Ligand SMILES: N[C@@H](CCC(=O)N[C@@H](CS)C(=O)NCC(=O)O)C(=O)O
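Coming up is one lone chain in structure tokens, specifically the form predicted alone.
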Amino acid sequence: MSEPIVYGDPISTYVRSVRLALAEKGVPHALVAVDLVKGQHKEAAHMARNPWGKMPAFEHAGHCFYEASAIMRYVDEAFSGPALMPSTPAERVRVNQLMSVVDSYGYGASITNIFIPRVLVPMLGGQTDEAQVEAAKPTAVLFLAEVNRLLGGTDYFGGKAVSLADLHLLPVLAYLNATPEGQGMLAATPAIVAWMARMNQRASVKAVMPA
């Protein structure tokens, strides 16, 4: 079977999630870099892979896909290795729900409206939009509260074993934790902090998200 190709910037949370899934399954892959800062995701070559200019895009065995959550489900089903979805319907619903919460609410608050203006914009020579960050904080707090509820005292969102939800969430929280606002919010949810510590010890995370 041909080696899958991931198109995207290795700093992207969604690129990281797909690569984490591949690493957990033990699947080698090629990474074709698409520079986010330089805007290469909006150039014709990548727009042909994803008409919205988002990343990652994914290619395997003559098939091309986009949307990280869909790619991750494909990786879990198409390749051998540890299952990344739990066995019971209720546990699978929790995984799918958490992934949807990340996409619908968590990413925008944590990345678009806190991490990017607080960290990335100043790195590129700009100034933080303080009003943007402040407005995002209530949603981010609610996001973390719901993440904490869904974790529910288990080791992982799939129960005892790591799941697609864990891999979808971790890159977002890693960037949120790189901001003073995020650090304060996470300090109020020690169960999530303990979960992040467990995740950061995994070989897949050390390979894809080096400290």
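Quantities reported herein were computed from a predicted structural model and do not represent experimental measurements. A residue's number is simply how far along the shown sequence it sits, counting from 1.
Keep in mind that the form predicted together with this ligand is missing from the display, and what follows is about it.
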query	finding
This ligand in the predicted complex: contacting segment from 53-61, 181-189, 23-31, 149-157, heavy atom within 4.5 Å	53-61
4.5 Å heavy atom contact, Ala68 and this ligand in the predicted complex	yes
His41 within 4.5 Å of this ligand in the predicted complex, heavy atoms	yes
Exercise: Ala161 in contact with this ligand in the predicted complex, heavy atom 4.5 Å	no
Contact of Met47 with this ligand in the predicted complex (heavy atom, 4.5 Å)	no
Contacts with this ligand in the predicted complex - residues in 11-43 whose heavy atoms fall within 4.5 Å	Ser12, Thr13, Tyr14, Leu36, His41, Lys42
